[in-house]
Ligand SMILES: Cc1cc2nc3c(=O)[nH]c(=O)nc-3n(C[C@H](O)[C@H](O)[C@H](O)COP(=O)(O)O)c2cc1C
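The chain below stands alone and is given as structure tokens, in the form predicted on its own.
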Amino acid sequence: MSSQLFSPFSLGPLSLRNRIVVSPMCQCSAVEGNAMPWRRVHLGQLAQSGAGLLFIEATAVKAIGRITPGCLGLYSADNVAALRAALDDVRSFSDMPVGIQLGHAWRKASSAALGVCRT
């Protein structure tokens, strides 16, 4: 039996070059929900990994619903513009499909910054 890990995969209109998926990772590097320059480097490196699909970390739909103050957001025009700029950078050299994990932490949301947060 041969491994199918490196074989193409399709799901509806989505076609992946292989079955390797970069899972969403909480990086806590956003400021007011905005993707910062570090995010561009991080996503850029992952987009060059050879994986078939890349997921962006849990991204809050409301400021109050972020897991930490360093979480990405899509709740303001500034958030959208910052993430768009990061994705435009990635698209300048990679056609890897990118997904996003939308989220709201509800009662587990935090107003305290984690010790591992980057800016």
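Residue numbers run from 1 along the displayed sequence. Worth saying up front: this structure is predicted, and the values here are computed from it rather than measured.
This protein has a second form, the form predicted in complex with the named molecule, left out of what is shown; the following refers to that one.
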Partner contact check in the predicted complex: of 72-80, 54-62, 32-40, 86-94, the stretch with a heavy atom within 4.5 Å of the named molecule is 54-62
Contact between Asn18 and the named molecule in the predicted complex at 4.5 Å, heavy atoms? no
Distance check, Pro24 to the named molecule in the predicted complex, heavy atom within 4.5 Å: yes
Is Ser110 close to the named molecule in the predicted complex, meaning a heavy atom pair under 4.5 Å apart or at it? no
Along 70-103, which positions have a non-hydrogen atom within 4.5 Å of the named molecule in the predicted complex? Gln101
